[in-house]
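For reference, the chain that follows is the form predicted on its own, supplied as C-alpha coordinates.
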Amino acid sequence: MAPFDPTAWRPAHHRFFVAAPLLPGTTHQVDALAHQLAVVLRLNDGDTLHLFNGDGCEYLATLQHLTPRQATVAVLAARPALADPTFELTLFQCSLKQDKFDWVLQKGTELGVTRFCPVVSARSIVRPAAALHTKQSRWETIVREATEQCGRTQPPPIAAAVDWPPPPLPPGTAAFVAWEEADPTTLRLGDAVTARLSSPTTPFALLVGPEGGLLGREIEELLQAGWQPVSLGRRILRAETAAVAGLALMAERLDTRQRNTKG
(Lines give C-alpha, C1' and ligand atoms only; values in the text may rest on other atoms or scores of the structure.)
Protein backbone atom coordinates (compact mmCIF):
# COMPACT_ATOMS: atom_id res chain seq x y z
CA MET A 1 0.00 0.00 0.00
CA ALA A 2 1.30 3.47 -0.90
CA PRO A 3 2.19 5.86 1.97
CA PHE A 4 -0.76 7.86 3.22
CA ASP A 5 -0.93 11.39 1.86
CA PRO A 6 -2.55 13.78 4.39
CA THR A 7 -3.57 16.11 1.54
CA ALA A 8 -6.04 13.43 0.46
CA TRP A 9 -8.48 14.83 3.06
CA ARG A 10 -9.75 17.27 0.47
CA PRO A 11 -13.50 17.94 0.21
CA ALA A 12 -15.08 14.67 -0.81
CA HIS A 13 -17.41 14.33 -3.76
CA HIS A 14 -17.94 10.66 -2.98
CA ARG A 15 -19.15 9.72 0.52
CA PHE A 16 -20.84 6.47 1.44
CA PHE A 17 -22.42 4.85 4.46
CA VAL A 18 -20.99 1.41 5.26
CA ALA A 19 -22.63 -0.74 7.94
CA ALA A 20 -19.40 -2.21 9.29
CA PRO A 21 -16.66 -1.38 11.82
CA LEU A 22 -14.05 0.78 10.09
CA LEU A 23 -10.43 1.02 11.24
CA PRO A 24 -7.35 2.36 9.45
CA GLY A 25 -5.35 -0.51 7.99
CA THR A 26 -8.36 -2.76 7.36
CA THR A 27 -9.98 -3.76 4.08
CA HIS A 28 -13.67 -4.29 3.40
CA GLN A 29 -15.88 -5.79 0.72
CA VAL A 30 -18.52 -3.23 -0.23
CA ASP A 31 -20.17 -5.04 -3.12
CA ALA A 32 -23.46 -3.23 -2.50
CA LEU A 33 -21.72 -0.07 -3.74
CA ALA A 34 -19.97 -1.71 -6.71
CA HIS A 35 -22.46 -0.79 -9.43
CA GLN A 36 -22.69 2.83 -8.32
CA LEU A 37 -18.91 3.18 -7.99
CA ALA A 38 -18.01 1.47 -11.26
CA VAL A 39 -20.92 2.20 -13.60
CA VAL A 40 -22.54 5.39 -12.32
CA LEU A 41 -19.51 7.27 -10.98
CA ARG A 42 -16.96 5.50 -13.20
CA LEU A 43 -14.34 5.32 -10.48
CA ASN A 44 -11.22 3.18 -10.81
CA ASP A 45 -8.81 1.26 -8.63
CA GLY A 46 -6.79 3.75 -6.59
CA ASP A 47 -9.49 6.41 -6.40
CA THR A 48 -10.25 7.73 -2.93
CA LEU A 49 -13.58 8.13 -1.17
CA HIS A 50 -14.88 8.93 2.29
CA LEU A 51 -16.77 6.36 4.35
CA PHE A 52 -18.78 6.61 7.56
CA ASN A 53 -20.69 4.12 9.68
CA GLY A 54 -22.44 6.28 12.28
CA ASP A 55 -19.73 6.09 14.94
CA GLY A 56 -19.00 9.83 14.73
CA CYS A 57 -15.87 9.53 12.58
CA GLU A 58 -15.15 9.86 8.89
CA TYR A 59 -12.79 7.45 7.14
CA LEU A 60 -10.58 8.01 4.14
CA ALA A 61 -10.42 4.92 1.92
CA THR A 62 -9.02 3.91 -1.44
CA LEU A 63 -10.45 1.48 -3.97
CA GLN A 64 -8.30 -1.62 -4.18
CA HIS A 65 -10.42 -3.65 -6.56
CA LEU A 66 -13.51 -2.54 -8.46
CA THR A 67 -15.82 -4.20 -10.97
CA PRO A 68 -19.53 -3.59 -11.57
CA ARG A 69 -20.27 -6.42 -9.12
CA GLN A 70 -17.41 -6.33 -6.63
CA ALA A 71 -15.68 -3.61 -4.68
CA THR A 72 -12.89 -3.75 -2.10
CA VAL A 73 -11.73 -0.70 -0.17
CA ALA A 74 -8.75 -0.14 2.08
CA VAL A 75 -9.25 2.24 5.02
CA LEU A 76 -6.34 4.69 5.25
CA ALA A 77 -7.17 7.13 8.03
CA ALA A 78 -9.88 8.40 10.37
CA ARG A 79 -10.85 11.80 11.72
CA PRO A 80 -13.64 13.13 13.95
CA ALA A 81 -16.78 14.26 12.22
CA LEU A 82 -16.70 17.89 11.10
CA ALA A 83 -20.33 18.40 10.05
CA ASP A 84 -22.37 16.50 12.64
CA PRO A 85 -24.69 18.82 14.60
CA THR A 86 -23.65 19.67 18.14
CA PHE A 87 -27.23 20.29 19.24
CA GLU A 88 -30.40 18.21 19.64
CA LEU A 89 -33.14 19.26 17.24
CA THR A 90 -36.27 17.18 16.60
CA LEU A 91 -38.65 17.95 13.76
CA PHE A 92 -42.27 16.95 14.30
CA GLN A 93 -43.58 17.16 10.76
CA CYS A 94 -47.25 16.54 10.05
CA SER A 95 -47.61 14.22 7.10
CA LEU A 96 -47.47 15.74 3.62
CA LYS A 97 -47.78 14.44 0.10
CA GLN A 98 -44.93 12.02 -0.60
CA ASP A 99 -42.68 14.27 -2.70
CA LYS A 100 -43.01 17.13 -0.22
CA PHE A 101 -42.36 14.96 2.82
CA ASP A 102 -39.35 13.37 1.10
CA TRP A 103 -38.00 16.86 0.42
CA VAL A 104 -38.40 17.89 4.07
CA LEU A 105 -36.50 14.78 5.18
CA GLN A 106 -33.67 15.53 2.76
CA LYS A 107 -33.33 19.22 3.58
CA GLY A 108 -33.90 18.66 7.29
CA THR A 109 -30.97 16.25 7.35
CA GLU A 110 -28.79 18.80 5.58
CA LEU A 111 -29.79 21.49 8.10
CA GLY A 112 -28.98 19.43 11.18
CA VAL A 113 -32.16 17.71 12.37
CA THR A 114 -31.15 14.98 14.80
CA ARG A 115 -34.51 13.17 14.85
CA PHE A 116 -37.65 13.13 12.73
CA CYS A 117 -41.11 12.38 14.15
CA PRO A 118 -43.89 12.13 11.52
CA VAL A 119 -47.31 13.05 12.90
CA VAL A 120 -50.75 12.66 11.33
CA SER A 121 -53.03 15.59 12.24
CA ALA A 122 -56.67 16.31 11.40
CA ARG A 123 -55.95 17.99 8.07
CA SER A 124 -53.20 15.64 6.95
CA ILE A 125 -53.90 14.35 3.46
CA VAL A 126 -51.99 11.11 4.02
CA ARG A 127 -53.58 9.28 6.94
CA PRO A 128 -53.84 7.34 9.22
CA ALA A 129 -50.37 6.81 10.68
CA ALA A 130 -50.51 3.09 9.86
CA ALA A 131 -50.61 4.01 6.16
CA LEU A 132 -47.20 5.63 6.51
CA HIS A 133 -45.41 2.70 8.10
CA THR A 134 -44.68 1.20 4.66
CA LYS A 135 -42.72 4.38 3.83
CA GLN A 136 -40.16 3.84 6.60
CA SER A 137 -37.56 2.09 4.44
CA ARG A 138 -37.83 4.74 1.71
CA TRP A 139 -37.48 7.53 4.27
CA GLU A 140 -34.38 5.94 5.79
CA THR A 141 -32.79 5.70 2.34
CA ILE A 142 -33.48 9.40 1.70
CA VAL A 143 -31.96 10.38 5.05
CA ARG A 144 -28.91 8.15 4.52
CA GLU A 145 -28.25 9.62 1.07
CA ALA A 146 -28.68 13.16 2.42
CA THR A 147 -26.19 12.31 5.18
CA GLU A 148 -23.70 11.13 2.56
CA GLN A 149 -24.15 14.33 0.56
CA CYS A 150 -23.95 16.93 3.34
CA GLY A 151 -20.91 15.64 5.23
CA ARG A 152 -22.62 14.26 8.34
CA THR A 153 -21.66 10.86 9.69
CA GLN A 154 -24.74 9.93 11.71
CA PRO A 155 -28.05 9.60 9.83
CA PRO A 156 -30.85 11.02 12.00
CA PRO A 157 -33.37 8.38 13.11
CA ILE A 158 -36.98 8.54 11.94
CA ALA A 159 -39.58 7.57 14.52
CA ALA A 160 -42.60 5.55 13.46
CA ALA A 161 -45.46 7.80 12.33
CA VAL A 162 -48.08 8.48 14.99
CA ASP A 163 -51.63 9.80 14.93
CA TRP A 164 -52.33 13.09 16.74
CA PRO A 165 -51.29 14.16 19.34
CA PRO A 166 -47.49 14.10 19.09
CA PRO A 167 -45.70 12.09 21.78
CA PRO A 168 -44.70 13.82 25.05
CA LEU A 169 -41.48 15.82 25.03
CA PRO A 170 -38.49 15.15 27.29
CA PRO A 171 -38.40 17.52 30.28
CA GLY A 172 -36.73 20.84 29.54
CA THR A 173 -37.28 20.75 25.77
CA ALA A 174 -37.66 24.12 24.08
CA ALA A 175 -40.60 23.24 21.83
CA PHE A 176 -41.98 25.56 19.15
CA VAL A 177 -44.94 25.22 16.80
CA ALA A 178 -45.01 27.30 13.63
CA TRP A 179 -48.48 28.84 13.45
CA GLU A 180 -49.61 30.93 10.50
CA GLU A 181 -52.51 32.40 12.53
CA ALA A 182 -50.32 33.70 15.34
CA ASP A 183 -51.13 37.29 16.34
CA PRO A 184 -48.67 40.13 15.62
CA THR A 185 -47.24 40.01 19.16
CA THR A 186 -46.10 36.40 18.81
CA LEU A 187 -42.33 35.98 18.91
CA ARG A 188 -40.49 35.24 15.69
CA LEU A 189 -38.92 31.79 15.76
CA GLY A 190 -35.34 33.08 15.73
CA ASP A 191 -35.98 35.33 18.73
CA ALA A 192 -37.76 32.53 20.58
CA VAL A 193 -34.77 30.23 20.08
CA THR A 194 -32.32 32.89 21.22
CA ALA A 195 -34.31 33.35 24.42
CA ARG A 196 -33.74 29.66 25.26
CA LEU A 197 -30.00 29.47 24.58
CA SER A 198 -28.81 29.92 28.17
CA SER A 199 -28.10 26.20 28.57
CA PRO A 200 -25.81 24.46 26.04
CA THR A 201 -27.65 21.18 26.60
CA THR A 202 -31.24 22.35 26.04
CA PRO A 203 -32.97 20.09 23.47
CA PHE A 204 -35.07 21.85 20.84
CA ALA A 205 -38.11 20.78 18.84
CA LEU A 206 -40.11 22.28 15.99
CA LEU A 207 -43.59 21.19 14.92
CA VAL A 208 -44.90 22.10 11.47
CA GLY A 209 -48.48 21.43 10.39
CA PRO A 210 -49.80 19.81 7.21
CA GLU A 211 -50.80 21.49 3.92
CA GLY A 212 -54.09 22.70 5.44
CA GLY A 213 -52.59 23.91 8.70
CA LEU A 214 -53.39 22.94 12.28
CA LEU A 215 -56.84 23.23 13.82
CA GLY A 216 -57.45 25.61 16.72
CA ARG A 217 -58.08 22.70 19.07
CA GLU A 218 -54.76 21.14 18.04
CA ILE A 219 -52.95 24.36 18.90
CA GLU A 220 -54.71 24.40 22.28
CA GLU A 221 -53.59 20.84 22.94
CA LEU A 222 -50.02 21.81 22.11
CA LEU A 223 -50.16 24.82 24.42
CA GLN A 224 -51.32 22.61 27.26
CA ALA A 225 -48.43 20.23 26.55
CA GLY A 226 -45.85 23.03 26.78
CA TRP A 227 -45.39 24.00 23.13
CA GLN A 228 -44.83 27.68 22.30
CA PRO A 229 -46.43 29.17 19.15
CA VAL A 230 -44.01 31.15 16.99
CA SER A 231 -44.19 33.18 13.81
CA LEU A 232 -42.13 32.66 10.66
CA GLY A 233 -42.92 36.13 9.35
CA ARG A 234 -45.72 38.09 7.68
CA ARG A 235 -46.15 35.75 4.71
CA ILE A 236 -47.96 32.42 4.82
CA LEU A 237 -45.57 29.66 3.79
CA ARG A 238 -46.33 26.28 2.34
CA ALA A 239 -45.87 23.50 4.89
CA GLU A 240 -42.64 22.22 3.36
CA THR A 241 -41.26 25.77 3.04
CA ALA A 242 -42.14 26.50 6.66
CA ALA A 243 -40.26 23.39 7.81
CA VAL A 244 -37.07 24.24 5.93
CA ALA A 245 -37.18 27.96 6.76
CA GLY A 246 -37.79 27.23 10.43
CA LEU A 247 -35.02 24.65 10.62
CA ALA A 248 -32.57 27.01 8.93
CA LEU A 249 -33.33 29.71 11.49
CA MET A 250 -32.94 27.32 14.40
CA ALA A 251 -29.75 25.72 13.12
CA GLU A 252 -28.11 29.12 12.62
CA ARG A 253 -28.91 30.20 16.21
CA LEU A 254 -27.85 26.83 17.65
CA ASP A 255 -24.58 26.81 15.71
CA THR A 256 -23.90 30.34 16.94
CA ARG A 257 -24.41 29.17 20.53
CA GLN A 258 -21.84 26.42 19.98
CA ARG A 259 -19.30 28.84 18.50
CA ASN A 260 -19.77 31.26 21.40
CA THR A 261 -19.40 28.44 23.93
CA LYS A 262 -16.10 27.39 22.37
CA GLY A 263 -14.90 30.97 22.23
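Nothing here was measured: the structure is a model prediction, and the numbers come from that model. Quick note: we count residues from 1 along the sequence shown, nothing fancier.
From this point on, the text means the form predicted together with a small molecule, which you will not see here.
Only one segment in the set 30-38, 229-237, 49-57, 190-198 has any non-hydrogen atom within 4.5 angstroms of the small molecule in the model of the complex, and it is 229-237. Under a 4.5 angstroms non-hydrogen atom cutoff, the small molecule in the model of the complex has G212 among its neighbouring residues. Mapping the unseen interface onto this chain, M250 falls outside it, with no heavy atom inside 4.5 Å of the small molecule in the model of the complex.
Although the partner is absent from this view, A178 contacts the small molecule in the model of the complex, with a non-hydrogen atom inside 4.5 angstroms.
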